[in-house]
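Have a look below at one chain only, the form predicted on its own, in structure tokens format.
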Amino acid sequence: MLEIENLKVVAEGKEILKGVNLKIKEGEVHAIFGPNGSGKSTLLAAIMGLPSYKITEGRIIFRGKDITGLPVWERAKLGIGLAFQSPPEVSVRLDKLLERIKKGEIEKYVDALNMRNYLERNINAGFSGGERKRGEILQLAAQKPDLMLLDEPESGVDMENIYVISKVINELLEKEKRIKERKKAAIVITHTGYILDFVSASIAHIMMDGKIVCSGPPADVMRNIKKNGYEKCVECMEVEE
């Protein structure tokens, strides 16, 4: 579904991504860990094509199509959706946006995410952290993307809200189907790993200094991070250099 080749990205005059390589197949969920400033959110922004992130080298291939130079709206129409870590307030009513982007039945997700009372309000206007995250997932549900980019979906959210949004994420990822039958995929950035208790991942990666430095089973990666922090990753990078 997605292939990233030697991706280098500059933001605000500084090189953030320094040669990222990644392949994601249909039905896979990839989790990405890493310290602050390692490039995790920049990777999602580059895949989505946000204009303040400039690709200086490399390619992004989505379903066999080179999308490296495409604008955000074309990537969205092709089937890529992004849920922000800190969604901004927007002076547009939530229901009006949903009417524009919906590809299928949305009412059940409005109720599943407890967003019925927020539809006539401007997006994120006065919303709590949990309400903002539920609104982000509702917008993804309306879009029904083939590839979901989830930037710390559990950040600033209590356990009840994590459970609510995870249930919808799993449905959008077709988790009820057998693995070989699933057509949707996701990249999930997480600091705590809590979201992986509810949304199972196929593989986990660690990003350090703008690169993916190691990959492995999510449980093993989380266990090593909890035991050793990211210091061991730094040591391994120094040995390789």
Partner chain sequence: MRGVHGGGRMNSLKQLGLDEKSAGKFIMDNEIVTELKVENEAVEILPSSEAIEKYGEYYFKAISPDKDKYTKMVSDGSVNGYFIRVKEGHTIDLPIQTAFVITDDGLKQLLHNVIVLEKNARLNILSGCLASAYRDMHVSVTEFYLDEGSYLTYTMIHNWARDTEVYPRTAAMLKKNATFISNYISLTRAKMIQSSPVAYLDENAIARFYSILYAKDGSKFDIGGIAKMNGEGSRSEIISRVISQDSDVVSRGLIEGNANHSKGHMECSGLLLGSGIIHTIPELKSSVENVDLSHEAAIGKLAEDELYYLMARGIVEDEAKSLLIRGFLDVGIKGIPPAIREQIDRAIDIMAVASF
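Just so it is clear, the model here is predicted, and its values are computed rather than measured. Numbering follows the first chain given and starts at 1.
Not on display, but discussed next: the form predicted together with its partner chain.
Student: Can you work out whether its partner chain is within 4.5 angstroms of a heavy atom in all three of S166, K175 and I195 in the model of the complex?
Tutor: Heavy-atom distance to its partner chain in the model of the complex: none of the three under 4.5 Å.
Student: In the model of the complex, does M48 have a heavy atom within 4.5 Å of its partner chain?
Tutor: Yes.
Student: Should G156 be counted as a contact of its partner chain in the model of the complex, where contact means heavy atoms within 4.5 Å?
Tutor: Result no; G156 lies far from its partner chain in the model of the complex.
Student: Consider R93 of the chain shown here, and say whether it contacts its partner chain in the model of the complex, taking contact as heavy atoms within 4.5 Å.
Tutor: Judged by the heavy-atom cut-off of 4.5 Å, R93 is in contact with its partner chain in the model of the complex.
Student: A76: heavy atom within 4.5 Å of its partner chain in the model of the complex?
Tutor: Yes, A76 is a contact residue.
Student: Just one of 180-188, 211-219, 66-74, 24-32 has heavy atoms within 4.5 Å of its partner chain in the model of the complex; which?
Tutor: Among the listed stretches, the partner-contacting one is 66-74.
Student: State the residue from A112, L97, L119, I106 whose non-hydrogen atoms include one within 4.5 Å of its partner chain in the model of the complex.
Tutor: After the contact test, the surviving option is L97.
Student: Taking its partner chain as it sits in the model of the complex, which residues of 112-137 have a non-hydrogen atom within 4.5 Å of it? Please list them.
Tutor: I123, N124, E136, in sequence order.
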